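In structure tokens, one chain follows: the form predicted alone.
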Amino acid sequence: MTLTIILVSMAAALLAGWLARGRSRPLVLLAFSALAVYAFQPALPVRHLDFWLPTVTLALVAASWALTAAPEQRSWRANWPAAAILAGIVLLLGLTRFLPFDAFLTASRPPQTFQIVLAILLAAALTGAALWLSRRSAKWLAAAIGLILALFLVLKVPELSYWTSFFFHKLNQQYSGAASAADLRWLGFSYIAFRLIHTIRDRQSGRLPAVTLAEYAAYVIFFPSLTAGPIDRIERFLGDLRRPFALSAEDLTEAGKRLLVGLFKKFVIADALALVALNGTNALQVRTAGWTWILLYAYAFQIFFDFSGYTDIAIGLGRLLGFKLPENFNAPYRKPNLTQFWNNWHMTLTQWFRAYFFNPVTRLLRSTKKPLPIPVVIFVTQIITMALIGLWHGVTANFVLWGLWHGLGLFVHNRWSERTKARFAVLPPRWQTVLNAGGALLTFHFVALGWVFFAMPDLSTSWHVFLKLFGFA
């Protein structure tokens, strides 16, 4: 997100907070968030794709609500205003193609009006089919998760992204030689996918609260956290959404603090560090181990201030709208071990994987007729969980190795902690302080070395950086 988009988002949040009162609150937030889905989407080389991807986002949200909605929330009378807002926004944005100037809410000129009308009708048919299927079999919930994961793979696997872009170039009668894996930048899809899967899985387990289409859509595409999280839970979100809200001096003060801190972190500290942070270009240019460590330290702090800055901005925007979004970072580089690091780095992501993968798989492995030994279960679940977190960032060997690096580190710490916690518990407080400081230093460097896989474009460059860090290249 650019500074301009953030400033516009602040103004939109103030306006939406003023308009969103009483029963209209979900509808107002839905309208602003649906507009943001288009406004945040960057321009793409494939003709009209930057209009169709946000449109597909809205269609997926409506269909997912239809699949997961409780019977008492499916009435047309309760949900037609939300459906009308979604369809109306798509149509009105499409009509901006006839304006004598470029519209600022879409990345490029929208497609033909008849195509947009057809897309709206197809989305309505998809939503209707989802309502019909949801009454007949719960298997369609699993199919919906499979579809979301398939879309995720298309976006994250470079080969699939390239061939999808190649197909769209051909379909649009554009030069297919210009196709690239970078053409499919579907803004916010990763976080939207987490929210959709969260609600579908909770529907499967009977834990999903009853929500209207307006409430569900406002949760999934809530514009303050659309692009960079945090990953909120729908039951917590509904508590804020359904609570009467009027912007108070306390809300305004707290929001202002978080926004200022976030802007300073992102656009002052992180952007300054980015000038010297490790990347695929300067990694091959530096000649000494000392300078390589400096680049790596700069990258470690740049990625923290960049990401935590965006989180502060999201929390500040949410506060302007009456939402206390969950925290995502809590001084992770000061934690004395890797487990505590991951309990305080991108906390909502860690909690999501713990709730929907780590804990269920652990229970499954422990509930078999011949349960695996606890160390084996811990090793398997931690390795796979962290590999999946790596794959979420990108389906490449580097991201897989980054996940395995942390998975192995978590397992080693778990075993070490089990063997030594009784001894450390009886140490004098002074020695515990020293050990905690040493643990924080060791943990930071373990994490920093892992960032090499994150920052480098391929394995060979990563290996070159490791050799240079320790004076072997």
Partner chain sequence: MGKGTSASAVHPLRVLLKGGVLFVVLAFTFPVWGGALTRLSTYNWIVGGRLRLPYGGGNPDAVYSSSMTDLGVMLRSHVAARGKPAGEYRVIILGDSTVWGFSVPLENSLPFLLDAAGLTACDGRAVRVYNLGYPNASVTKDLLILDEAMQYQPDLVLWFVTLAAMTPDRRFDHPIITGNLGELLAIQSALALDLGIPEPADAGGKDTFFDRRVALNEFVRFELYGLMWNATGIDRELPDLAAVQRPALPGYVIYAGFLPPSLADDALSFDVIGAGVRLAGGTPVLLVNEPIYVQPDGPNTDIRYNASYPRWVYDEYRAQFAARAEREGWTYLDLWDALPPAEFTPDADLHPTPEGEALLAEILAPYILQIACGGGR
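Remember, it's a predicted structure, so these values are computed and weren't measured experimentally. Positions refer to the first chain, counted from 1.
Beyond what is shown, the protein has a form predicted in complex with its partner chain; the following relates to that form.
Chemist: Would residue 99 sit within 4.5 Å of its partner chain in the predicted complex, counting heavy atoms only?
Modeler: Taking the distances in the predicted complex, the answer for residue 99 is no, it never comes within 4.5 Å of its partner chain.
Chemist: Quick check on residue 276: any heavy atom within 4.5 Å of its partner chain in the predicted complex?
Modeler: Yes.
Chemist: Against its partner chain in the predicted complex, would residue 167 count as a contact residue? Criterion: heavy atoms within 4.5 Å.
Modeler: Residue 167 lies outside the contact set for its partner chain.
Chemist: Is the gap between residue 252 and its partner chain in the predicted complex 4.5 Å or less for some heavy atom pair?
Modeler: Within the cut-off, so yes.
Chemist: Can you say which of 302-310, 178-186, 284-292, 366-374 gets within 4.5 Å of its partner chain in the predicted complex, counting heavy atoms only?
Modeler: Among the listed stretches, the partner-contacting one is 284-292.
Chemist: Within 4.5 Å, heavy atoms only, which of 173, 137, 248, 205 is in contact with its partner chain in the predicted complex?
Modeler: Only one option qualifies, and that one is 248.
Chemist: Note which of 261, 388, 272, 142 lies within 4.5 Å of its partner chain in the predicted complex, where distance is taken over heavy atoms; exactly one does.
Modeler: Residue within 4.5 Å of the partner: 272.
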